[in-house]
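Before any questions on how it binds or moves, here is one chain, the form predicted alone, in structure tokens.
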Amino acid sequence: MKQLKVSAIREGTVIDHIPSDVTFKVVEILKLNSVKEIISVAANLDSKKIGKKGIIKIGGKFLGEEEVNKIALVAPAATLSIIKDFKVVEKNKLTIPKTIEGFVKCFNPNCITNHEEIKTKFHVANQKPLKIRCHYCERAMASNDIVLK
């Protein structure tokens, strides 16, 4: 059987084991339109672990903490590899942080964070299935309620 080969990157980041249905949401989070080096995005690839997966290779880009935390919310089973000189120098499974600050919008229209200049803050109440609770109004949100800023 013929297989498509995706070229390796000299330096950058590879995000693997992304659930196929959120692959392009991760692309959106990363705002890849400003990256000048190679970007490879593949979705609906066969995976023994999760059935169908997505993979993103980004040349010349290393992710910041906020980007990693955002991806962890939408693809908690993903793995992140740091590539230097064509070799994996670091590989980690993503983990959902215990506290999420500044990049999730509270879905309660009466929450103070939707009316005043206050940084949002959520505590993770449950990892599987994901459930987070607003620090200010204490509303609980499931993963399908989460809107990233």
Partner chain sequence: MSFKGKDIISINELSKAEIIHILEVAKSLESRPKPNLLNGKVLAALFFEPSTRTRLSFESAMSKLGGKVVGFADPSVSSVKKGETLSDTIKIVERYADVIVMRHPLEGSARVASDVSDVPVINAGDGANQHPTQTLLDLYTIKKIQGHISNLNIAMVGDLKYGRTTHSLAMALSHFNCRLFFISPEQLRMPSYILEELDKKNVEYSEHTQIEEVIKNADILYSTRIQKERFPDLAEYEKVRNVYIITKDMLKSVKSNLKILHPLPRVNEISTDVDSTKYAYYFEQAANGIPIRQALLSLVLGKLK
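Positions refer to the first chain, counted from 1. Predicted model, so just to flag it, every value in this text is computed and none were measured.
The protein also exists as the form predicted in complex with the partner chain; that form is not presented, and the subsequent description refers to it.
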Check your understanding: Between the options 89, 38, 112, 32, which residue brings a heavy atom to within 4.5 Å of the partner chain in the predicted complex?
Key -> 112
Exercise for review: Sort through 81, 120, 69, 108 and report the residue having a heavy atom within 4.5 Å of the partner chain in the predicted complex.
Suggested key: 108
**Study point:** Answer range among 93-101, 112-120, 22-30, 45-53 for contact with the partner chain, defined in the predicted complex as heavy atoms within 4.5 Å
**Key:** 112-120
Check your understanding: Does the partner chain get within 4.5 angstroms of any non-hydrogen atom of residue 131 in the predicted complex?
Key -> yes
Review point. Taking heavy atoms and a 4.5 Å cut-off, does residue 17 contact the partner chain in the predicted complex?
Key: no
Exercise for review: Although the partner chain is absent from this view, report whether residue 139 comes within 4.5 Å of it in the predicted complex, heavy atoms only.
Suggested key: yes
